[in-house]
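Each of the two blocks below gives one form of the same protein chain as structure tokens; they are labelled structure 1 and structure 2.
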Structure 1
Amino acid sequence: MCMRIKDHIILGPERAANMVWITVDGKELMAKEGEPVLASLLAENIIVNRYTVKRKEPRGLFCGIGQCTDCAMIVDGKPNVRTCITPVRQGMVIKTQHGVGEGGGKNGE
């Protein structure tokens, strides 16, 4: 299900954007260049960004403005990237983060 808002009573129709391909957990998705990675995922109804270190609980969008780190994922091999303030670029490879992510110590992947 696409969660994008096509038409809006105040904001008008969705503005044309340059669409690019990104890879999310091995699956290719179309995204708008420059939008937050988090928004591209929400558009595809993907809401879990990471699982916590100890209890392996799911986390997702919470503050949306770079303050809380709940939306951290592995982006282009780098763990703990806040997806709400990271703009989409062509060919980005995004992975759900488990614990502190790859190379992050004993609780990582």
Structure 2
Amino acid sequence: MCMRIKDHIILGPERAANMVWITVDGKELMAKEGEPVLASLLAENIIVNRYTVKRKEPRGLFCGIGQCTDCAMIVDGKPNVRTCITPVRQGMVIKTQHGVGEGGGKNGE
């Protein structure tokens, strides 16, 4: 079920966009090319992006402007990618991140 807003009271009707395929945790999804990865995930009702290091708690959208790390995911093999500011492109492979993700790196809680 797509959760996209088709006609926003302030922003107006949804704009046409090129649709591309992305893979999220092994599942292929259609996404709008150029929109933030996080927007595409939320449109598909995917709200958990990562799990914290210590308590294994789920995290998702928090600030939406790239300042926190709650939306961090593994994108094309790179951990700790902030999906709220990363644009969608054809063929992206996105995975839910557990802890610091594959390949290490620092990820705040």
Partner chain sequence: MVNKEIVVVGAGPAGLAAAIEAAKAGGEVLVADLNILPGGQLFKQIHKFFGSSAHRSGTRGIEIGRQLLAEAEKYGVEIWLNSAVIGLYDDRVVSIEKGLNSGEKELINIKAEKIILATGASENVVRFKGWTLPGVMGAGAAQTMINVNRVKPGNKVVMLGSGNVGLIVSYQLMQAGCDVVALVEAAPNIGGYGVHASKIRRAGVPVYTRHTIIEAKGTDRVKEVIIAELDDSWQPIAGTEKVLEADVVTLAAGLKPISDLARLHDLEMVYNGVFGGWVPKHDENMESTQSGIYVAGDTTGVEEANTALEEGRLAGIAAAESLGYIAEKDAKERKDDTWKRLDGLRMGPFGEKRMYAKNEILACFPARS
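Note that the rigid core is defined as the largest set of C-alphas that superpose within 1.5 Å between two forms. Everything numeric in this text was worked out from a predicted model, so none of it was measured. Numbering for residues begins at 1 and runs along the sequence of structure 1.
Here the chain appears twice, and structure 2 is the form predicted on its own. Once the cores line up, the CA of residue 87 ends up less than 2 angstroms apart between the two structures. Residue 17 shows a C-alpha shift below 2 Å between the two structures [criterion: core-superposed Cα displacement of 2 Å].
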